[in-house]
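This document starts with one chain, in the form predicted alone, laid out as structure tokens.
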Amino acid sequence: MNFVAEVKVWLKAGIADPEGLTINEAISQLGYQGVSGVSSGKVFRLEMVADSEEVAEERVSELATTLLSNPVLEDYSASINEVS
């Protein structure tokens, strides 16, 4: 079975996000109002073959915690869809 997974990674609450702060300041300097709390993150798209959705979910979870994110500093979420 073929799957596509999307893994979103972002900094945990309380961890400094200089990129998000810089973007937030730039938004304000460009004259946009009502935008605050900007944070940066990463999105990974993985195409994979697995015997089942459960196997794909386990593989994505393992990759997310060992390679795609730093569990000490970052949280992640993942979604998996079967493709034909």
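Just count from 1 along the sequence shown to find any residue number. Bear in mind the structure is a predicted one, so any value in this text is a computation, not a measurement.
We do not show the form predicted together with another copy of the chain, though everything after this point is about it.
Original post:
So in the predicted complex, does E74 come within 4.5 Å of another copy of the chain, heavy atom to heavy atom?
Top reply: Judged by the heavy-atom cut-off of 4.5 Å, E74 is well away from another copy of the chain in the predicted complex.
Original post:
Would A16 count as a contact of another copy of the chain in the predicted complex, using a 4.5 angstroms cut-off between non-hydrogen atoms?
Top reply: No - in the predicted complex, heavy atoms of A16 and another copy of the chain never come within 4.5 Å of each other.
Original post:
Is L21 one of the residues lying within 4.5 Å of another copy of the chain in the predicted complex, judged by heavy atom distances?
Top reply: So L21 does not count as contacting another copy of the chain.
Original post:
With the cut-off set at 4.5 Å between non-hydrogen atoms, does D51 touch another copy of the chain in the predicted complex?
Top reply: No, D51 is distant from the partner.
Original post:
in the predicted complex, which residues of 2-27 put a heavy atom within 4.5 Å of another copy of the chain?
Top reply: Result: E6, K8, W10, E19, I23, A26, I27.
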